[in-house]
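Okay, here we've got a single chain as structure tokens, the form predicted alone, with questions on binding and movement later.
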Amino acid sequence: MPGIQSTLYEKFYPAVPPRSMSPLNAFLSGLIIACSFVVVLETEPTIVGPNQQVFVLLDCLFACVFIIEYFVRLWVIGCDPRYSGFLGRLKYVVTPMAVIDLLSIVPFFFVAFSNNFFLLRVARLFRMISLAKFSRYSRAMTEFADVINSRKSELLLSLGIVLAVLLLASAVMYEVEGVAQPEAFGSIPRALWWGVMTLTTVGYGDVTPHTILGKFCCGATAIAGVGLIAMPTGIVAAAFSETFARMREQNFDDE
């Protein structure tokens, strides 16, 4: 058993993400895509109606595979010294990827044992969480997560600046437009909808200022939004550039 456990551990948790997926990871990735595709099709009554049994069988198939995967991972993770033993496995269960694995199989039990329409709709939505499992199967997804983590402080700073500008702009619009348009700007929480649409330069046009000061604030907020929303993009782009340069150097050294 230890030999099988260690072999499966290497398949599920490779020390270095491969440049191409292993057959096992490719199979699981394909299953995740198929599961998400089935979830989308299940929302169309004209497709589900005449093929109800087919969708039930597919749900059972996905549930069985994902449940087996979850418990196999829980078993083989004991090869990692950080998660060995009972307490180690409990520690693993609360890690982000393990939680995602669990959330991707729990909805199947709701579908099987509940007739509540609302719970079934929520369960169907939660089944889409399985898409997040891709992050462990692909080297590209691993690199993406590393890039985001390496620029975490800068991204949090830019988010804080955006939220501060959003709150300030909404507060100003509450003061200058609140009396003229109480339904849209009668409070700062109400004005936040306008602030989000303007700061992100989406501009639905359902809420617009009427006063001169309100129009001035709206224009200033839109201009600020162009730079503020682009800030995280520049941070991530620079991080990706550094990562790709490092990967090219590593590949050159390997050759």
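Everything quoted here is computed from the prediction, not taken from an experiment. Each residue number is its position in the shown sequence, starting from 1.
Below, we refer to the form predicted in complex with another copy of the chain, which is not included among the displayed structures.
Put simply, Leu28 is far from another copy of the chain in the model of the complex: not one heavy atom of it is within 4.5 Å. Proximity of Trp194 to another copy of the chain in the model of the complex: non-hydrogen atoms within 4.5 Å are present. Though the partner is left out of this view, Gln181 does not reach within 4.5 Å of another copy of the chain in the model of the complex, counting heavy atoms only.
Under a 4.5 angstroms non-hydrogen atom cutoff, another copy of the chain in the model of the complex lacks Tyr13 among its neighbouring residues. Of the residues given (Ile229, Cys60, Ile67, Ala34), Ile229 alone sits with a heavy atom within 4.5 Å of another copy of the chain in the model of the complex.
Although another copy of the chain is not shown here, in the model of the complex the stretch 190-216 places heavy atoms of Arg190, Trp193, Trp194, Val196, Met197, Thr198, Thr200, Thr201, Val202, Gly203, Tyr204, Gly205, Asp206, Val207, Thr208, Pro209, Lys215 within 4.5 Å of it, in sequence order.
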